[in-house]
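Single chain ahead, by itself, as structure tokens, in the form predicted alone.
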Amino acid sequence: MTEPRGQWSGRLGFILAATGSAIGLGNLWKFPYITLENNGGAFVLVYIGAVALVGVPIMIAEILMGRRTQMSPVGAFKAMAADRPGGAAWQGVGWLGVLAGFTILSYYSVVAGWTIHYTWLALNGHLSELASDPAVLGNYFGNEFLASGPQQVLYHVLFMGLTTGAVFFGVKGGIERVAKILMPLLFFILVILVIYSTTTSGFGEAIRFLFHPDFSTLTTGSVLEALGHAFFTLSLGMGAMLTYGSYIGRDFSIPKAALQISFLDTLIALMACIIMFSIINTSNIEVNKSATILFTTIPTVLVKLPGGGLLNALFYLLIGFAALTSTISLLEVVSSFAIDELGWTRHRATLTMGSVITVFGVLNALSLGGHGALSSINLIGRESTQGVFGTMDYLASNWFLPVGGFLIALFCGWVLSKATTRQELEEGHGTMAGYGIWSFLIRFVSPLAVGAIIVSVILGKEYQ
């Protein structure tokens, strides 16, 4: 017998789980780094604009398709494209989402596993010793920890075990329960750290850097970087929001949910920037690598505070929490495909897919160990294709996500009828006064913006 399809217990469960999917290393690591690299203020405004004009419309489209069909990506496109031009060919978009989830999780979990190691280092006091000298900590991270293949594999396997365990217990009993515990904790600690940041000498400069735009610093590359990150941070183009949307009821307002998720995601990204830049400015530390922000810069500052060892442990534990809510959504995309399309039970689908991804991720972990340097640690959607790790990151960031988002926008904007999309969006929401705005954005603005990213990749100028 087919298992009953999972459902969220209510609006809060969905919002927290979907926000957890969006919030992860992209907010706490990647966004501060690319904001620093792109000179702050003006870049932040462009990013917020990209989220509002490109990200939110596509998120609405994904959730719309999920709820309409109550299916995972492949099944959703199969059902909605059955009587439309192109027919079965549109199923490829669903397959692309599953492939993206599989690929990203296979290397994202490797990086997420680092938080387990750093939490342990903080608890046993070793991190405090290393962090007393920034050069020593930097050398340890880049040339000892990353160079150790066995350690990379161990922590990757441990993190995949946590991810698989959460998905194994289902939508309400696993994914939602984890989100309801971890997301409030994450937000609470971020608030505490922001409050602490206001007491530092670098806080004023951090605020000026973030919120005082200088548009003369903007480049085409900056705009493309902002657009690209909007996809990565909102979990778009990989079927995560579509899958989560398939578990919501008819009484949910899709537009409101998308706006709330995007707002929380952007808020936490900005909070992370305030914390990072306040610390960097106060300590007068030059940041040369993206990895430096979380794994070499922060520990050297926190260790100087009262209870620095405990603060570092809590900091890395919460980064791990943020990463976990993201990896859970990635595995759910792949598992839901097996449940819906292959007829597997949730337990079989989760254990099988989790195991396969874990094995594949070992190649990524060993790729890092083989290089033993930060040059293969990308995660910022750039041109590096060094090793298996770099190749997977390159494919996901530069191809899978933008192409997936582009095709979803085309499908919902041009293939589905306005009567269908309007009916679905007004279900649980009421008359949607802004439907015309969403329709214009999903038909013209979103595809053109994402198309620009794809063209830049084809021309070999991605995010440069």
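Numbers follow the displayed sequence, beginning with 1. Just so we're clear, the structure is a prediction, and the values are computed from it rather than from any experiment.
The same protein also exists as the form predicted together with a small molecule; that form is not shown, yet it is the one meant from here on.
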> Which of these residues, Tyr316, Tyr155, Phe232, Phe141, gets a heavy atom within 4.5 Å of the small molecule in the predicted complex?
Replying inline: Phe232
> Using a 4.5 Å cut on heavy atoms, which of Thr350, Ser106, Ser329, Asn312 is close to the small molecule in the predicted complex?
Replying inline: Ser329
> All three of Gly40, Ile274 and Ile280 touching the small molecule in the predicted complex at 4.5 Å, heavy atom to heavy atom?
Replying inline: no
>> How about Leu368 - does it come within 4.5 Å of the small molecule in the predicted complex, if we only consider non-hydrogen atoms?
In response: no
>> Would you classify Met238 as touching the small molecule in the predicted complex, given a 4.5 Å non-hydrogen atom cut-off?
In response: yes
>> Check Thr35 for me: does it contact the small molecule in the predicted complex (non-hydrogen atoms, 4.5 angstroms)?
In response: no
>> Using a 4.5 angstroms cut-off on non-hydrogen atoms, would Ser397 count as touching the small molecule in the predicted complex?
In response: no
> When the small molecule is placed as it is in the predicted complex, which of 23-31, 403-411, 66-74, 423-431 ends up with heavy atoms within 4.5 Å of it?
Replying inline: 23-31
